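Before any questions on binding or motion, here is one chain by itself as structure tokens, the form predicted on its own.
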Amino acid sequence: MQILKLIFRNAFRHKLRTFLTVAGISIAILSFGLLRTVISAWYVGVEASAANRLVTRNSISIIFPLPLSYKDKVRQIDGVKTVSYGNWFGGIYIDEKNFFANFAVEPESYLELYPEYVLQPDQKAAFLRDRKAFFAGRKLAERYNWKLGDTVILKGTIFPGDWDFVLRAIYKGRDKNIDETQFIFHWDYLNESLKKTVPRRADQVGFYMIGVKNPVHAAEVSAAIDRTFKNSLAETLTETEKAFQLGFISMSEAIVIAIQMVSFVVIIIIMAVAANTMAMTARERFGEYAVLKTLGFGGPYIIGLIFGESLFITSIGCILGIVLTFPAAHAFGSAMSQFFPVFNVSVKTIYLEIGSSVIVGITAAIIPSYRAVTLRIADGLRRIG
């Protein structure tokens, strides 16, 4: 107990220096937490992927379509449970800065494949009945203040023209990592319009979403699907939903790596700051350590004092940094909701922050401890007075 009291008193002997060190550590931990949360948000689609879902697209590129007729052949493949399909619509709401994901899908099979999108039964029924209906995520509806029954007009980019839709349902995510900013409408509405305006683009889909009976057989089912359409005019590439999402992330892999590097650079910088603080502290107390040695206190006791003080200061900074991470992440997520629809501080991030603070505290105390332990008593006593 005496050593704990001594550590506490030593930590606040120079209050201003301790305050500035704690503030620096807090800001570093906060920055580290935000950067790690950005990385987590980048991979949120991967984390939300289901093991029993496959995605089939054109083997050349996702921008090339597949025939609608493929769905009947896919259903006949052993191991396939559910088949849905859709198109990336790419519509713009009022202004190009109002970006959000919008898809045309086959509604009943899509909702069966994605039970994590939770709709009220009456709203779901209203959506399925109305060909011009769409359902939107809770966050998206709140962002634009949409209410049930509102008419929303999207300006088509891939499919030119002004497209009007009626909001019939608002979904909530079953889990906190579910994207609640999507805009989903009937594929038939898109296809029927294309038959009248651009017949050559009708009866084509951008991708198939396939539910398998057993996730263990996902690889075999994927291979069977691609064999079925081998040497056809539109060959397919089938992969798990997770692999499909990772394919998109790989396009921006350099950015992710850069953010990861910056997050660790932040920790290295604050490690240097903490090490400098502890070096100054130890240098000022060489006389005291020499007195302790003359009284019979050995190296382990002195090491405990230095390491204890270092870990105590970094722990305070870590706690403050973690506490500040949550409101900062909420504010950042609200401001950047168009780019990061899901921005939650994960438990893994908290563990990384704690681990980083412990590493900083230990590393900062190594050299001062070594110097204090190897200090000759006579050299230390010369510093007194």
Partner chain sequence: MPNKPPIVEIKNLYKSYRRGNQTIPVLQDINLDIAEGEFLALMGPSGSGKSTLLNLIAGIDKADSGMIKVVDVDINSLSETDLARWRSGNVGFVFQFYNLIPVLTAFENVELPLLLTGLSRKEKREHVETALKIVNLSDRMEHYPGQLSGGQQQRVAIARAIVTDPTIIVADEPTGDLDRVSAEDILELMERLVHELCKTIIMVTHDPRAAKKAHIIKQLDKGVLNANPQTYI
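Because the structure is predicted, anything quoted here is derived from the model rather than measured. Numbering follows the first chain given and starts at 1.
Not pictured, yet referred to below: the form predicted together with its partner chain.
Remark: Asn214 does not count among the residues lining its partner chain in the model of the complex, judged by a heavy atom distance of 4.5 Å or less. Although the partner is absent from this view, Leu292 contacts its partner chain in the model of the complex, with a non-hydrogen atom inside 4.5 angstroms. Residue contact with its partner chain in the model of the complex: Phe248 places no heavy atom within 4.5 Å of it.
By the criterion of a heavy atom within 4.5 Å, Leu20 is excluded from the residues contacting its partner chain in the model of the complex. Residues with any non-hydrogen atom within 4.5 angstroms of its partner chain in the model of the complex fall in just one of 174-182, 158-166, 295-303, 199-207: 295-303. Proximity to its partner chain in the model of the complex, taken as a non-hydrogen atom within 4.5 angstroms, holds for one residue of Asp130, Glu288, Glu116, Glu239, which is Glu288.
Contact residues in stretch 6-27 (any heavy atom within 4.5 Å of its partner chain, taken in the model of the complex) are Leu6, Arg9, Asn10, Arg13.
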